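In the form predicted on its own, a lone chain appears below as structure tokens.
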Amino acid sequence: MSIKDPSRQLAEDWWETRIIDMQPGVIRYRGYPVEELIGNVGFAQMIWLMLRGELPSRGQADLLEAALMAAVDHGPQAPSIAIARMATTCGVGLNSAMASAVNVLGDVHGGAGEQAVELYLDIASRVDAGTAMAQAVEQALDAFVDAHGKFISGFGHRFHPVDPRTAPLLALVDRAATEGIVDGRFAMIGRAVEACLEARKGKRIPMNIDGATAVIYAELGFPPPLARGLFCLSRSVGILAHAWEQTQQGGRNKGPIPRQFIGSYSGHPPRSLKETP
């Protein structure tokens, strides 16, 4: 048995990974040869395999796929989509347009799902510690507001009085719970948050797409940061579609508003250097 040179071993261990075994003529993802995966494993299943190390059940994969599908796009008024289209008119390629868009999926635009999972997990941990559900929701909401401000991630929508994506997603979770695929705990928690917000505000503040997908990601056991990562994967589909459409439509250097409209100026009145002492 040959012993590897220590320097070579150091180099080969530099990017040690459990994700892929890639050698000349060999590609294995988490141990599975790629030639067996091709044609037998779908994209949602592959995402799960890459992130979690094992293949999901069919029911788990179906829930993940539904969450990914539901959040692919929300129109050019979404900053990430608008940025992708503007970037394309600047002459960059699709990859650059997509990167520009994904880079703005931060805490405010793109991070709501991650924050909603954190909220749900906080409530669950309080319940596990012996706090009644209603009280746990109240306490967790207070803590969330202290940390993030008055907007509760995953609830309410600036465009939709009722987000049309929420009910179908929750229905899938409910069905999966009856089939034993998930336990339905986080669907119950999400609905409890919705009820608590209505009692506090005196009006309904419905769960939105971020709250609904957060229910799914929490039910499936994904940690909060991956909720944002999965949203980035999902929204990248819409970003790509809009960037490609803009290349077909043409246009050069399109800004955020038509050029006949000039942004309001609120600075110093007109003046001249000649008048400056």
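Since this is a predicted model, take the numbers as computed values, not measurements. In case it trips you up, residue 1 is the first one in the sequence shown, and so on.
Another form, the form predicted together with a small molecule, is not on view; read the next lines as being about it.
Comment: the small molecule is not present in this chain, but in the model of the complex one of C90, A199, V108, A132 has a heavy atom within 4.5 Å of it, namely V108. Looking at 143-151, 81-89, 182-190, 97-105, the stretch with residues near the small molecule in the model of the complex, meaning non-hydrogen atoms within 4.5 angstroms, turns out to be 143-151. The small molecule in the model of the complex is not approached by A227, whose heavy atoms all lie more than 4.5 angstroms from it. Not displayed here, the small molecule is kept clear of A136 by more than 4.5 Å at the level of heavy atoms in the model of the complex. Interface membership of A176, defined by any non-hydrogen atom within 4.5 Å of the small molecule in the model of the complex, is ruled out. H157 belongs to the set of residues with a heavy atom inside 4.5 Å of the small molecule in the model of the complex.
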